[in-house]
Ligand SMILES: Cc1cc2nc3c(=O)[nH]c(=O)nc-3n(C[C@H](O)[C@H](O)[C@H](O)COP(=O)(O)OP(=O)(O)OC[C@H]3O[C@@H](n4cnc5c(N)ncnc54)[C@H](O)[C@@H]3O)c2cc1C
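There is one chain below, alone, in structure tokens, taken in the form predicted on its own.
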């Protein structure tokens, strides 16, 4: 236990959005925080768009972050697979990207406290001295008062702490794609600009589209990206077939943009022509490198294990229909920082307060995502 004038020493395992959210919130609360990310280089992706939620904006605002790059729309539109202009309603909404959130969090968290190429894969508690020590293969062990595991949806920390908890496949997958505005046919840009567009597919599931920041989180018209997600039913056999990459290797949960075989992409484009609105089918066909994510649920019974806790996707994995994964990570981080600050040096009480609040929140988010999946993706 640190002295009354010594800030709590906290290690964060994982340096993506969840880990950085924890780092930003805990550093802002006055704790001595070090974030460790196993990847040796800054993470880059053209990956999926993200609907902006208040929890993330609050975390950034309260910790002096630079402005988050966002796009926006004023209209929500519902299309029919047969074509037409669909039905519209006024519904302002802001959007961003993984790249934009990651860059903003990195700019907010002190660079000298973010350690790349450092994996905290091995940790243990001690009866005397600093309660936690952690390290990785070939690394010196680091001592601290608390370990926050924010190592993502495939969390090795969760598997170690909760070996009986497994992911539950939801029965469908999400095909995703982004298309640079500069590379898109002008008719597609005009059609999807300033809208959050939805369409139910003929055989079930639905596809949605919105515009997100482009490379470097640029929101200048002409540099943005069209972002789409298509939920498609797939039994376990079909899922496993889809998860085979270009080299014939089977993957567990997803395929990246450069991994989907040409034949699989061709079948997806053909299916789009049969299943969804013609403009959406054209968008899918124009996307050269779609990528795939299986939809799963992970629900956990505990978030705190002595002086170790799970946060973000390392705790609950919720369905993307909630548009809440980044918001959940931000809220987990903010609640943890506030609970520890209120508890002062009674770390166990602070962790207990955090767990009580966020277990309930995580379960509610999971239930909400399952309900939305039954309604939209069946």
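Only a predicted model underlies this, so the values are computations on that prediction, with no experimental measurement involved. Residue numbers count along the first chain shown, from 1.
Quick note: we don't show the form predicted together with this ligand, though the next part is all about it.
Picking from 347-355, 309-317, 24-32, 61-69 the stretch near this ligand in the model of the complex, with a 4.5 Å limit on heavy atoms, gives 309-317. Just one of 181, 119, 282, 275 comes within 4.5 Å of this ligand in the model of the complex, counting any heavy atom, and that one is 119. Think of it this way: in the model of the complex, this ligand has a heavy atom of just one of 239, 206, 76, 176 within 4.5 Å, and the residue is 176. Shown here without its partner, the chain carries 168, 295 and 369, none of which come within 4.5 Å of this ligand in the model of the complex through any heavy atom. Contact annotation for residue 13: at least one heavy atom lies within 4.5 Å of this ligand in the model of the complex.
With a 4.5 Å cutoff on heavy atoms, residue 333 does not count as touching this ligand in the model of the complex; it lies far away. Interface residue remark: residue 343 is not counted as part of the site for this ligand in the model of the complex, having no heavy atom within 4.5 Å. Under a 4.5 angstroms non-hydrogen atom cutoff, this ligand in the model of the complex has residue 152 among its neighbouring residues. Counting a residue when any of its non-hydrogen atoms is within 4.5 Å of this ligand in the model of the complex, the hits in 324-346 run 325, 326, 329.
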